[in-house]
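The chain below stands alone, shown as structure tokens; this is the form predicted alone.
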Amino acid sequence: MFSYRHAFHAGNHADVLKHITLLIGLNLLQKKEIGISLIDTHAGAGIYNLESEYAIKSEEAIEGVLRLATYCAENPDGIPEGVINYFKEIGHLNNQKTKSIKTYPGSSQLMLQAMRVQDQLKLIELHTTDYPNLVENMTVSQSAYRPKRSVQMYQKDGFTQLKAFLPPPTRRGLCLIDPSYENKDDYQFVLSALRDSIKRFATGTYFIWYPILQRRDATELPHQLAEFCNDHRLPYLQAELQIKSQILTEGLAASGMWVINPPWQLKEQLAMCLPFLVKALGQDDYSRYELTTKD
């Protein structure tokens, strides 16, 4: 697992889907004044340089956030609010005048920027290199806020540590479960973490990102998540984005977000964003999106 570095993938199309969905969901939950516990089980380094050797080698941001930024600049009318807010958060780390994107915020940084004083943020990262970078990046970012925001970081296994934070004191929580799935056991670890979490905090909102790949464990995960939700009578939302053929092209072509106990109006807002993302990021006739919910 320690060979995986998100710096290679920062700002790719999967991040675009994940982070737009996450920010919309958090914004909707924050319509109530009561504080929210925000938990990121795989926080990574927090902030990524899109001009680093990792990003340049993979070029994944080029078909993700950078392609989306170019499309929005060329088509300024009709940009969905969720996409506008996404770029607003990215803009905090970049030159507002040139509007160039050289630095990309990961999920942990986005939650730090979007959280309120009454919210709490708990970041978990096991990677021996990414964790020190996370601490440094979050410490610098947090110093920009007055009054200081509540952020705690842990170098632990996010799958097993999650249950220790549940239920949160305010009984309001957003949990992001976002492993790399480089380890094939991650698919089952996701389900195990959810089983433990729902026992402790059944009313929490859980965001699960997953890759769409032509391998059995990957194709089975959405079906297992649906079965889990049905067995526990949990409402859910499923959003998927594919930007190219999975067979005719290289690299990750599609990914999805599974949201348990989705906030009210999340589906409506994603229904405006996803068709836009297909137009902006789609590379061939296989480009598509899916959006389904079950109450």
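So that there is no doubt, residue numbering starts at 1 and follows the sequence shown. Everything numeric here is computed off the predicted structure, so don't read it as measured data.
What comes next is about the form predicted in complex with S-adenosylmethionine (SAM), which does not appear here.
For this session: Answer for residue 89 alone: is it within 4.5 Å of S-adenosylmethionine (SAM) in the predicted bound form, judged on heavy atom distances?
Result: No, no contact at 4.5 Å.
Problem set entry | 4.5 angstroms heavy atom contact with S-adenosylmethionine (SAM) in the predicted bound form for residue 85 | Looking in the predicted bound form, residue contacts with S-adenosylmethionine (SAM) do not include residue 85, since no heavy atom lies within 4.5 Å.
Exercise. Using heavy atoms and a 4.5 Å limit, would one call residue 197 a contact residue for S-adenosylmethionine (SAM) in the predicted bound form?
Worked result: Result no; residue 197 lies far from S-adenosylmethionine (SAM) in the predicted bound form.
Problem set entry | Partner contact for residue 119 in the predicted bound form: S-adenosylmethionine (SAM), 4.5 angstroms, heavy atom | No, residue 119 sits far enough from S-adenosylmethionine (SAM) in the predicted bound form that none of its heavy atoms falls within 4.5 Å.
Exercise. Ok, 64, 262, 256, 44: which has a heavy atom sitting within 4.5 Å of S-adenosylmethionine (SAM) in the predicted bound form?
Worked result: None of the other options qualify; the answer is 44.
For this session: Using heavy atoms only and a 4.5 Å cut-off, determine which of 210, 201, 207, 159 is in contact with S-adenosylmethionine (SAM) in the predicted bound form.
Result: Partner contact (heavy atom, 4.5 Å) among the options: 159.
Exercise. S-adenosylmethionine (SAM) isn't shown here, but in the predicted bound form, which of 166-174, 127-135, 73-81, 216-224 has heavy atoms within 4.5 Å of it?
Worked result: Looking at the other structure, the answer is 127-135.
Exercise. Using a 4.5 Å heavy atom cut-off, are 60, 242 and 283 all in contact with S-adenosylmethionine (SAM) in the predicted bound form?
Worked result: Checking in the predicted bound form: none of 60, 242 and 283 is within 4.5 Å of S-adenosylmethionine (SAM).
For this session: At a 4.5 angstroms cut-off on non-hydrogen atoms, which residues of 65-81 are near S-adenosylmethionine (SAM) in the predicted bound form? List them in order.
Result: Residues within 4.5 Å: none in this stretch.
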